[in-house]
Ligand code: SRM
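Listed next as structure tokens is one chain, alone, in the form predicted on its own.
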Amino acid sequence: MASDNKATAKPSKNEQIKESSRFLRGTILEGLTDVSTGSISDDDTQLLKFHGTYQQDDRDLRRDRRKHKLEKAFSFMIRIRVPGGVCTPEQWLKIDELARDYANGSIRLTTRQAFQLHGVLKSNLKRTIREVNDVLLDTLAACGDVNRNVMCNPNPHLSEAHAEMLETARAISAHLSPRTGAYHEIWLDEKKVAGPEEEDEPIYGKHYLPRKFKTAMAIPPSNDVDIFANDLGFIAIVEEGQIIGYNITVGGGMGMTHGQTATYPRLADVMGFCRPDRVVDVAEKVVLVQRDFGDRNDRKHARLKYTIDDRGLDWFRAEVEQRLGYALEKPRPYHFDDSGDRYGWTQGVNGKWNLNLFIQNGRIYDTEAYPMQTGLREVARVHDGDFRLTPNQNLVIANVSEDKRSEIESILHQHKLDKSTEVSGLRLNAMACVALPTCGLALAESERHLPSLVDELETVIEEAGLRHDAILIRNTGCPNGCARPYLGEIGLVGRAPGKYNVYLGAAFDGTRLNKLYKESLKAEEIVNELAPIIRRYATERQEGERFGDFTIRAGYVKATPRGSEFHN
């Protein structure tokens, strides 16, 4: 068990910022009205994350602006919560409008089923967030040291249980949302109803959580949410079409720091089982234990995964059960087949149709050859169902009525969207974070790198006869893991400009981490390193053997049974 001496150490600067913030208010309002700069103060930049926005700058322009003695080209990324990934056509049209009016013209679908708008100037920040709220979406708690957007399997064709799980995901999201009035005062101009000294955060308190907290829900056999990468997860146990309860997972997380072996990605443990009516209660109590025992002195050691590794799963379960007032049941059997999306048209149990489109890296924009954003806008204008953002950055046009299907198919064909999935299995299972030029943490390219890398690898794939084989490849610009690279059968993590650590050996179903294969490979060296492995896989694989499993059996890497052995 970790020493409790840390409790007497000095809290991190972020803890001090939260304590003096007056429940996330800080001086954000004053900063928004300061026209002398396009930025916000350092302390308020940290608080803005709780409101769903990150201050960024265009790193492609830094050198030139410095040369001309100009401040950085500041702008803001706005992340919009979409619990369970489901939004209406009206909401889609509003996000599209905001992207064109105030952002950089594109929409980004995130790996956590949220929207992101990039390039919003400070002068447009408030009106953009206000208009998001006008269509009953919000940005509150999309970032920051709180529970973030709650994920769940978005595909309604699988069973009626998915509709139930979606409502549960929304209930968790609502219950774990911050209660401070700061968001409504700052962005919606609502009058403060109580002074800071009277305000209360019944779950979070004035210090909120030690670090970000992520929650997901899955229905086997699909693990598209990568349930084990989350701090908290609920695996639905379905009998005769009904959810009888959930296995509870705790302690997952992807982030680490290069060169610091005390930091590592970790897959969650299965802690117990609970009935459906107790899910929200369990979620709250898990958050409370992490609130009270997470490390507030070292942010690199502040996630729930370290709390559990330091103190043990048995200790953690006992703490949760003490607050619940009852014992959790033993976990029930379950099985996952994969962590990908099911593309094309499928018919749901309600008789309506669902179309899963491939969206490369989640980026929606128009080109002359591929007017994707315009096409989806036209679909939204006639669609009478909903849209569902997938955890793999793709999009489901869901609940399409029979009489609308042909009209939507015509629009998709006109805008060349009906061919979106006619690509290799490798590309259909590729995922990247934003990275450069806007992410301040990026060490290398990701979104701008992965498509061209896949282009090169597809030549090898085609020659090996593997065009239609699904291989998970994930790319991030830094080790923080936003695109869950440590669950990629091929994982690429930025180490420096143009250099990547290459990881191999994750499980196709998201139940095993990968391991470092080559360190600091130049971008132009990656294909030459991977090509012989791919060719061997094509000729030597066993029946049903996945690429990640093969790389372990063939001796390229060792299996990683637990996060603490990731660096071994």
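Here the structure is a predicted model, which means the values were calculated and not measured. Numbers for residues come from their place in the sequence shown, where the first is 1.
Keep in mind that the form predicted in complex with the named molecule is missing from the display, and what follows is about it.
- Mapping the unseen interface onto this chain, Q290 falls outside it, with no heavy atom inside 4.5 Å of the named molecule in the model of the complex.
- For G481, a non-hydrogen atom is located within 4.5 Å of the named molecule in the model of the complex, even though that partner is not displayed.
- In the model of the complex, A142 approaches the named molecule with a heavy atom inside 4.5 Å.
- Contact annotation for H118: at least one heavy atom lies within 4.5 Å of the named molecule in the model of the complex.
- Interface residue among C152, I490, A99, A229, judged by heavy atoms within 4.5 Å of the named molecule in the model of the complex: A229.
- A single residue from the set L395, L426, C433, A218 has any heavy atom within 4.5 angstroms of the named molecule in the model of the complex; that residue is C433.
- Screening 108 to 116, 162 to 170, 334 to 342, 317 to 325 for residues having heavy atoms within 4.5 Å of the named molecule in the model of the complex returns a single hit, 108 to 116.
- Residues R211, K212, K214 of 201 to 221 are found to place at least one heavy atom within 4.5 Å of the named molecule in the model of the complex.
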